[in-house]
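Presented below, as structure tokens, is a lone chain in the form predicted alone.
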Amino acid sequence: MKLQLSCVVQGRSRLGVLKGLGRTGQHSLEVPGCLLHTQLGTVPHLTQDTLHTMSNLPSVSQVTLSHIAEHQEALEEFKDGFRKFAGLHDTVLYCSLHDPATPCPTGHTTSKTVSVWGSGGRIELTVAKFMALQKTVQPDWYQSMADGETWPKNTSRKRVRKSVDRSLAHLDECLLVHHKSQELESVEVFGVVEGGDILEERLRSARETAKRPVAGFCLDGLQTGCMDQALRTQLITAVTTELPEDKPRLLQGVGRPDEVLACVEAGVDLFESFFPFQVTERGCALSFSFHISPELAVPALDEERDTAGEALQNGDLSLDDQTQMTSFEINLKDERYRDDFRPVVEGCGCYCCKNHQRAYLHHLLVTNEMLAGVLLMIHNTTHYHAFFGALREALANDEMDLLKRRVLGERKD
């Protein structure tokens, strides 16, 4: 895995390509970019065949131990790894600890264990069990085990320091097992940077993690709802200064377009694409403008977009209320769409927008038809990944300010 940067804009925003991905190194991923969010290897609501009718999908799929750990025995008996078990197409597999779309309870970590939450409840992982799972899953890269329970507000400095110490100890143990394991010989490890909202601990975690032989870095404990954007940007900016330029930085738990833009400007390379799934689960459709050309911009025709999620612009959404609608989407369950025969987004080339109207999606949603989730996920996934394409284009053309005005709806009259 090697990150090749083509330019760094205004000293922070990085444009480039992550090359040499996968066991044979044939895959690449453009940055800034995002991973493909899956649950048990499948993008929610979509079959693999449906998914691969879509273009410009990321080459990396994210799976999580919170979904996989309870299937460890079956995978061990299967012996050929999770990719083949799940019937995945040719994709790079990244294994993280938690599902970013599902906040997990706190208070279940010790100096020796962390916990993940599957459909059957809590599963406690030691380093030995964690590494046994990695050998069974056979990912292309994985996040090291870490104590990330410092995101709740008012977490003490002592608890944050303990989190950093534990995460570094877990990383050292994981690397020791990793380098002795033939099954993980061509697999990469990402170290996890913790530190809560305390700058000194963030810097210590970043410096110490960077000393280890890791391929990249996961920035944890900065997810939507745990702190406001100004503090998140300050911490990320400080942390990325301590990290090597030639290794990627993956931010966990942040997906809203406004937050993505701010974090890219602070030096983040990669994101988890769970946001389209959350929007779909709300019965909503992404409808925000990101095209630089004015004639391609999504018109602000929906009053709902202008008011929904207004309180969220400052990052004050709590982790316990991730179901709240944001200002980047429209609620198609609303009665106003009952006789709205426009596509979800004018000019969108996805299957949903080319073949169906808002009124039809409204009908599917209010009658609880399963097709609603399928069509919404097709549109939301397409729209979200197209936003990242526009983000890279804006960086290449030095038009980030214009892109921000488009995304945030700050248009001149």
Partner chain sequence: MLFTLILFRVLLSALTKYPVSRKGRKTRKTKLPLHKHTPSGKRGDDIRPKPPLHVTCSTWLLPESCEADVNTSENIMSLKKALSAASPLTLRIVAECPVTKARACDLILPHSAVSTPVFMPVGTQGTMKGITVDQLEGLGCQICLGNTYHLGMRPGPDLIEKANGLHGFMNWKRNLLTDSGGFQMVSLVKLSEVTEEGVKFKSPYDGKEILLSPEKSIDIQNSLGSDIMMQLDDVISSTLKGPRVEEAMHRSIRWLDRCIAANKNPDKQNLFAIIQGGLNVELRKACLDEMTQRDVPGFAIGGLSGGEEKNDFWRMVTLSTDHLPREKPRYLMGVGYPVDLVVCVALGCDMFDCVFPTRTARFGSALVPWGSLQIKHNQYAKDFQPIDPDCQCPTCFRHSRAYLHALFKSDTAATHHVTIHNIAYQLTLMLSVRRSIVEGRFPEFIQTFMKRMFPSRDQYPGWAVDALASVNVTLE
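Keep in mind that this is a model prediction, so the values were computed, not measured. Residue numbers count along the first chain shown, from 1.
Keep in mind that the form predicted together with the partner chain is missing from the display, and what follows is about it.
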Is the partner chain close enough to Thr106, Thr155 and Arg282 in the predicted bound form that each of the three has a heavy atom within 4.5 Å of it? no
As a check of understanding, the residue in Val344, Ala386, Ala69, Val374 with any heavy atom within 4.5 Å of the partner chain in the predicted bound form should be identified as Val374
None of Glu185, Asp228, Asp246, Glu73 but one has a heavy atom within 4.5 Å of the partner chain in the predicted bound form; the exception is Glu73
**Q.** Contact flag, Gly87 vs the partner chain in the predicted bound form, heavy atom cut 4.5 Å
**A.** yes
Answer for Leu57 alone: is it within 4.5 Å of the partner chain in the predicted bound form, judged on heavy atom distances? no
**Message:** Within 4.5 Å, heavy atoms only: does Arg338 come near the partner chain in the predicted bound form?
**Reply:** yes
Evaluate Thr241 for contact with the partner chain in the predicted bound form, applying a 4.5 angstroms cut-off between non-hydrogen atoms, and reply yes or no.
no
In contact with the partner chain in the predicted bound form (heavy atoms, 4.5 Å), from 73 to 81, 106 to 114, 155 to 163, 257 to 265, is stretch 73 to 81
